[in-house]
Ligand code: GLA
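The chain below stands alone and is given as structure tokens, in the form predicted alone.
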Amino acid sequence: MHRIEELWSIYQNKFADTGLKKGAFSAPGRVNLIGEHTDYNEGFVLPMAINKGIFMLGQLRKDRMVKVYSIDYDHLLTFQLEELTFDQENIWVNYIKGIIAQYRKSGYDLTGVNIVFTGNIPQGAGLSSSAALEVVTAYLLASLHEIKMSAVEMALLCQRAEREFVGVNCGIMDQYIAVMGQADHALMIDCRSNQAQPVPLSDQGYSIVICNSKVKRELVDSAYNQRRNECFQAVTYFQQKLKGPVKALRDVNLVELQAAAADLTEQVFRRCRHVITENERVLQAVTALRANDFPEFGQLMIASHLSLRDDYEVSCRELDCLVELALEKKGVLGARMTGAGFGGCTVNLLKENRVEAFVKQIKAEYQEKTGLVPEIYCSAPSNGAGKL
């Protein structure tokens, strides 16, 4: 990663100093430790921010022009604040345009800006580089324009940008953790109330290791929409069947699900079982972490993977292979796929003194079994967006 001085020198090569306010900012990627496909069912998730992110430098202009230079794509794009049209060719710039559009929609008077940015979050790995780009843009614009906004408001603004401008119907998890991540903590998010609480994750004897399967998540959109629809079908059924109010699968328990087994298709039943048990696992994981019970947390991660593989059917051969290889290794307490599925990454909990051997063995064995070379990252829980 470029040092901040290098970034400023790239910035100065691209843009003349306008004499107006400037600054450098960052926002992290994230890995979800447990709680998959629970967000759109108004349940619970437990992500942590990772020590990879997007780094952005900017300075206000005296006109209405926005100039954005992506170091990674080596591409400069220019547009007017009033002309925010979707760019079919350069998808990355839409995350920036979407944020600008939301600030304008919220009544903030923006001026033009020069921006340079780079990142080291692997793309397409399910580590949320898009939310990091939204959040760092929102943070930069708020700071340079002296806009006062709470962390929750900023996360929600970024979510609206992705939904309304980019056209991805995302949950709140990625934006929340990119804004509110805390060093040495995971973040338990209640996706119904949008409330979040930090959960300590700082025992020195253990490490979180992320393995990128290098399988691009091809099926994700159609399968994701199908899973959502299956959950919503079940909600419609339970709304008619149960006495209490049912807004989402979060409002249904296992006993109620078992009683409905004959009325639901086997597939819809299994989808529900995953969501209901996964919500339970997140709450149990929070209890385990607060008690520093890492073995219990590891067991919950394993149970989560099996549920995602068998009941929700969003894993794939390569992710299963990574999890199986990990669980054979000495010092590994837990492993599971993380993210929407069909590729992307696994997240592993292991003893710190076993990390080096783990990385070496997994790289060799996974390549032998699949022909793919995994990328492996070790990350402590990191801070959310901030000024550099």
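Position 1 is the first residue in the sequence shown; the rest follow in order. Since the structure is predicted, the reported quantities are computational estimates derived from the model, not experimental observations.
The discussion below concerns the form predicted in complex with the named molecule, not included here.
Enquirer: Would you say all of R30, Y40 and C170 touch the named molecule in the predicted bound form, counting a heavy atom within 4.5 Å as a touch?
Expert: Judged in the predicted bound form, R30, Y40 and C170 all sit within 4.5 Å of the named molecule.
Enquirer: Is D174 close enough to touch the named molecule in the predicted bound form, meaning at least one heavy atom pair within 4.5 Å?
Expert: D174: yes, in contact with the named molecule in the predicted bound form.
Enquirer: Does Y224 reach the named molecule in the predicted bound form if we count a contact as any heavy atom within 4.5 Å?
Expert: Heavy-atom contact with the named molecule at 4.5 Å: present for Y224.
Enquirer: Tell me, yes or no, whether G339 is in contact with the named molecule in the predicted bound form, where a contact means a heavy atom of each within 4.5 Å.
Expert: Answer yes; at least one heavy atom of G339 falls within 4.5 Å of the named molecule in the predicted bound form.
Enquirer: Could you confirm whether P47 comes within 4.5 Å of the named molecule in the predicted bound form, counting heavy atoms only?
Expert: No - in the predicted bound form, heavy atoms of P47 and the named molecule never come within 4.5 Å of each other.
Enquirer: Where does the named molecule sit in the predicted bound form: which of 57-65, 32-40, 319-327, 355-363, heavy atoms within 4.5 Å?
Expert: Going by heavy atoms within 4.5 Å, the stretch is 32-40.
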